[in-house]
Every structure is written in C-alpha cells, then in structure tokens.
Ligand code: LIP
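Take a look at this one chain, the form predicted on its own, written out in structure tokens.
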C-alpha cells in the first residue's frame, strides 16, 4: 500500500470533502433546478447537482489517493488496490433538495478491507456535521453524541414509548406494503417521523432525536456513514432475523428497543414486498 490508511486521516479527508460538496450544493444550486434523470422509478430522481457533488468528491479522493476504491450512488465505481473504499451518497434526500426542504445531506463512509472505519454526514441546511471513527465514538459538530436510552440502569424503552423514523421505497407495490406496515405500527408507538433521508434518520437515532429507525430498500451509500455513527453512539444497526443491515431491511435503535422493533417487523415480514 503506497498511501497511509490511517482511519483518523481518512475521516478528516471525508469531512473536508463532504463540507466542500455541501458548499456547492447550497451556494451553486440553480434557481431553476430540474430533474435530469430518473433511476428506479419516476419518483426516484437525480438532479444535475447530485452529479456535480459526486464528481467533486471523487476527484478529491483520486487526487490524494489514486489507488482507493469508490462506490457512488450516481455511478462512480472502481475496485482500487489499496484496501480502502469510499462509499458516497452525494445528496441523500434528493427530493428534499429539489423542493428546498432542508432535510438532505452529503454522506461519505470509508471502509478498510470491507469494514467501515470512518463516516461523515454533512447537513449544510441544518448547520450540522455528524462524524464517527470506529472504536472512538460519534460526534455532532465535534460534541459527543449518544443514542437515547443507553447508559441508564432502567429497563429498555418499550415500543409504546418510542418515536420511530422510517422511509418508503420508490416502487408502487413496495410503498403499498410499507404503508400497511406503518399503519399497524402507528398505534403501538409514540409517533412516526418521515424525514426523507436515510442518513439523517440514522444520525437522528445517534443523537437522540428519534428513538429508532427502520426502512426497506436502503443501499450501501445510504447507510455506510450513518450506521457507523449509530453504532459509535452506542446503538445497534442490523437487519431482521439476525442479518446485517442491507437493502432488505435496516433497523437502528438502542439495544432493548432494537429487539422489540425487529420482532414487530419480523412478525409482518417487513423485509418482503408482498
């Protein structure tokens, strides 16, 4: 390996690139921003600014670390030879960005030999930068954060007391199933929140803004940074029936609540589309 792979240095670089991307997304956003393409369905959009953001990040990585691998939502993909891979969502919450709703972010996770070791979620319109370094903790604007309910001697938060975030897929059939599940969950919990950004939902779990989060259909770039931030804040992230978090299902919460939410979702086969 010709270039150092120190996780702290990788986090510093990821944080700088996310901030740079955030600045152009805010200050160079066209007033007449439109949709340049669709992805999985007519509701799954990509704007010219998604592509500009990813290009900036990828060029910054390759200028400093030409041997690294890259996986980006908007098509950047290279294997690399260094053992380091950057997992990039140039705008998580593109519909929010298009409609000028502030709940969007830039997400960058950094892996070494397949394990995420550093992550940053930059939310320019919220004035917040969430970061995490494996084994060292998670932070919001440099201040340590902890998931709600961890570190206390009392019983775990019951599902009935939980504020739960979720998201919905783009395909009509999947949305229909997800709508039925959330309708069953709503009477059992404190309330439901739908922000429109998986990465920010995970950060909300990590800093205690919500108690839990679940969603079917999240890709690696949606959760690479946010999942590490939750784990380093003391929470748990995974899928159903002991599986890892994946496109099938991602669940995040403090330990006791995590088990309760997984149980509810497993009982309704929430990782399936029918």
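Note that the structure is a prediction, hence the values are computed from the model and not measured. Numbering follows the first chain given and starts at 1.
The following text describes the form predicted together with L-MYO-inositol-1-phosphate, which does not appear among the structures shown.
Considering L-MYO-inositol-1-phosphate in the model of the complex, the lone stretch of 156-164, 118-126, 131-139, 189-197 in range is 189-197 [heavy atom distance within 4.5 Å]. Mapping the unseen interface onto this chain, residue 232 falls outside it, with no heavy atom inside 4.5 Å of L-MYO-inositol-1-phosphate in the model of the complex. Proximity of residue 109 to L-MYO-inositol-1-phosphate in the model of the complex falls outside the 4.5 Å heavy atom cutoff.
Residue contact check for residue 94: one or more of its heavy atoms lie within 4.5 Å of L-MYO-inositol-1-phosphate in the model of the complex. Proximity of residue 215 to L-MYO-inositol-1-phosphate in the model of the complex falls within the 4.5 Å heavy atom cutoff.
In the model of the complex, the residues of 157-178 lying within 4.5 Å of L-MYO-inositol-1-phosphate by at least one heavy atom are, in order, 167, 168, 170.
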